[in-house]
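Just one chain is shown here, as structure tokens, and it is the form predicted alone.
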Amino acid sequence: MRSLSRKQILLLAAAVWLGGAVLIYAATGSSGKNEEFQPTGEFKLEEWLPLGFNRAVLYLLLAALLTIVTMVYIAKRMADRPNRVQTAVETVFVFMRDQIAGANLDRDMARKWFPFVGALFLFIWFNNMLGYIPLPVNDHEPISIGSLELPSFAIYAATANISIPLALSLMVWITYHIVGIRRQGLGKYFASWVPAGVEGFARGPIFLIEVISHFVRTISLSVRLFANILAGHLLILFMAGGLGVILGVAALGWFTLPAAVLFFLFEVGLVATLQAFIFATLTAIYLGGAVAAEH
């Protein structure tokens, strides 16, 4: 039998794709717009246990546990002849040391604050990556097994909840101010917010602008992480069938599913790591700026 060319394979795949959509539409038709399904409900947090324990807290605990256990496990098993796992961990270590801490802090600061910046990068990265692993956390559409109702599988990220990135941003914000005051003293630290050479009336407005910029940092840090992770999850949700559910056209999900796969791969392969890198890098920059004589 003659093998098919790449063009023929692509045409055959397109024909199967279109034919599948036609068959699904012929079998299901259109049920009209669904007013009950709300995509934002997928991110609603219901209290599972007292003291506010919900799925966001579960993801935070899992990310913290993975960060601690992974690094401690590898650190205790370092060998002269590293295996593949150790090589991968050492590559990540060198990347965090040289590209995040070392590139934005002087040698003494990088040595002192690398554990903080590195742990922040890994914690956010684990949180982001866990967000793309289906886990039984969807308590809005439970699975009934006899008299039991169990949560169904879904993807969710703690960093897609603004309170988590905001808490991390406030921690960074408070930390670098404390570091700057301890290094330079209260008066010199705030005086360093005005560039050298600025005299007279101009010092007041420039100082005020600098104050505003420092408060804006908490917003930029938190919203950047939150918005990118939330947008990615919403795109996957819509393309994986959410849009078809809202419009009541099941065949639409067949059309959009390939886009959902592409969005999923893009988020896992780039966005999850990139957002952790940006957050940790900006943290290092802010720490370095806080100890500089002039910001």
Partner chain sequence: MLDFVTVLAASEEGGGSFLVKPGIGLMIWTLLAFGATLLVLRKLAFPKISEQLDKRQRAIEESIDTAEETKAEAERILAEYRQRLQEARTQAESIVARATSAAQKQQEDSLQQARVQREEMMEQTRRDIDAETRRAIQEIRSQVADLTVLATEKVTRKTLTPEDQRRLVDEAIGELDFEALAGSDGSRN
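What you are looking at is a predicted structure, and each value in this text was computed from that prediction instead of being measured. Positions refer to the first chain, counted from 1.
There is another form of this protein, the form predicted together with the partner chain, and it is not shown here; the text below is about that form.
When the partner chain is considered in the predicted bound form, Pro82 lines it closely, a heavy atom lying within 4.5 Å. When contacts are judged by a 4.5 Å heavy atom cut-off, Trp173 does not count as touching the partner chain in the predicted bound form.
Contact check for Glu90: a heavy atom falls within 4.5 Å of the partner chain in the predicted bound form. Looking at Arg182, you'd find every heavy atom of it more than 4.5 angstroms from the partner chain in the predicted bound form. For the partner chain in the predicted bound form, the listed stretch (130 to 138, 111 to 119, 204 to 212, 188 to 196) containing residues with heavy atoms inside 4.5 Å is 111 to 119.
Heavy atoms of no residue among Ala259, Leu265 and Thr273 are located within 4.5 Å of the partner chain in the predicted bound form. For the candidate set Ala103, Ile178, Leu150, Ile162, a heavy atom within 4.5 Å of the partner chain in the predicted bound form is found for exactly one residue, namely Ile162.
Taking the partner chain as positioned in the predicted bound form, the residues of 199 to 234 that bring a heavy atom within 4.5 Å of it are, in sequence order, Phe226, Leu230.
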